[in-house]
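Next up: a single chain in structure tokens, the form predicted on its own.
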Amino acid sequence: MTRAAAALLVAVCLPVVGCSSADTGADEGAEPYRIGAVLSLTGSYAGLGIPEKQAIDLEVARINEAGGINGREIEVIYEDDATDAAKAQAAAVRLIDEEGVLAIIGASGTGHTVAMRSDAERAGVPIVSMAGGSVITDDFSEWVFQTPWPNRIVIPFVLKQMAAAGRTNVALISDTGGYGVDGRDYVLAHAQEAGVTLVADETFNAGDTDMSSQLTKIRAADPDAVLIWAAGKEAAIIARNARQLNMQQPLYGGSGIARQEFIDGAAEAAEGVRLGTGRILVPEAFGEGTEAYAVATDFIARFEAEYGAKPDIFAGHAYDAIGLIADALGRIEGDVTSEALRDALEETDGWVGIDGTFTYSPSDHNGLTEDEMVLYVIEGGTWRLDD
């Protein structure tokens, strides 16, 4: 069966992965493959972690109902890091040392992923992160993979879009968590390359409930636009505060605000906000009739039927994380170990997911490019592709 044909059967079986023991002659009734997941189910990043868990649950149920991987089911053991890096590390230690997991999906946040890294390397257990910091895969580890487009891909795309629209004097407001710091560093280093001058640079902390002070300083700098680089619920407060201060500058952002939580939290202040991220928010952007479109629309339909809402990009990150692991498990010959799984992940070539088409290598554990990016504008409480 071709990969294109397999995509049309995604409701039945993940591409490349054996759907049942009858297909593979594998050991039916064997112990399940145990996978850990460290997610932010509470705290500032709960808006990321909850849809991630929903997507993982949905995909694991589908895989298991179709016979598992080589006749073995997948079992996911969840840990909530409460949007706290220290708790993420402790969760990783428990999953590795007490649960004996083959791999860890997570974390939801950049700093939380980095906190788990040394213990994963110590134990030889691969991590498939769903966070967008460039440091996750740029500071290379043979044990750490990543599903989202990192800041080094998203930020240049957004800055170039701002410059093309004549928004060349830009103010930045970012959070002091791992994603925000990583993004701020990249903006400071590369804004001029995109034809942008940074005229103001403000930060805030997770849990802050008013950013009027920072925005008042930004307003005094008279920028052409304001770039929000944050992944928590505080981003919606920034939009509301800007509206309360009667700021006329357009707001831009990236993947961190590409979720319904931002639209709901910002309410009318979300109208007109532009953001650069992947294609799942308007699946026609994948190109109707393509394998990517078939994969995405099938996932969207099943997610909406199960949860009553369309998946956001964070659900897409999780679909890709569990799908890449399942695909790798199905390609292992011989004993299934964490090391064998790591090797199989690194050999991923042309796996079509939600965030893009993944090709990992011994030097690239992200495997995505700027080609996966599109620009959206929020209108009428939803996203549309920007003209």
Partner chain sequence: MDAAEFFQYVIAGLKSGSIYALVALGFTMVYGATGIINFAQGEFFMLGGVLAVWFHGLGLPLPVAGIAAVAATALIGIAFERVALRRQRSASPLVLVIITIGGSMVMKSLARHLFGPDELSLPEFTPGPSVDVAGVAVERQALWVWGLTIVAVLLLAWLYRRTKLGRAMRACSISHDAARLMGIDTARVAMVSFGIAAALGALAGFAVTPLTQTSWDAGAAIGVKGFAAAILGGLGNPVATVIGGLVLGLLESLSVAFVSSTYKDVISLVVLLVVLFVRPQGLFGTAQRGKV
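These numbers were taken from a predicted model, which means no experiment stands behind them. Positions refer to the first chain, counted from 1.
What comes next is about the form predicted together with its partner chain, which is not displayed.
Remark: E261 counts among the residues lining its partner chain in the predicted complex, judged by a heavy atom distance of 4.5 Å or less.
Using a 4.5 angstroms threshold between heavy atoms, S44 counts as touching its partner chain in the predicted complex. Residue contact check for T297: none of its heavy atoms lie within 4.5 Å of its partner chain in the predicted complex. In the predicted complex, its partner chain lies farther than 4.5 Å from every heavy atom of R302. Taking A230, L227, I127, A236 one by one, only a single residue has any non-hydrogen atom within 4.5 Å of its partner chain in the predicted complex, and it is A236. Residue in contact with its partner chain in the predicted complex (any heavy atom within 4.5 Å), chosen from T290, T197, S141, S212: S212. Screening 279-287, 302-310, 262-270, 147-155 for residues having heavy atoms within 4.5 Å of its partner chain in the predicted complex returns a single hit, 262-270.
Across the proposed site, R331, E339 and S363 without exception lack any heavy atom within 4.5 Å of its partner chain in the predicted complex. Counting a residue when any of its non-hydrogen atoms is within 4.5 Å of its partner chain in the predicted complex, the hits in 227-258 run G232, K233, A236, I237, R240, N241, Q244, L245, N246.
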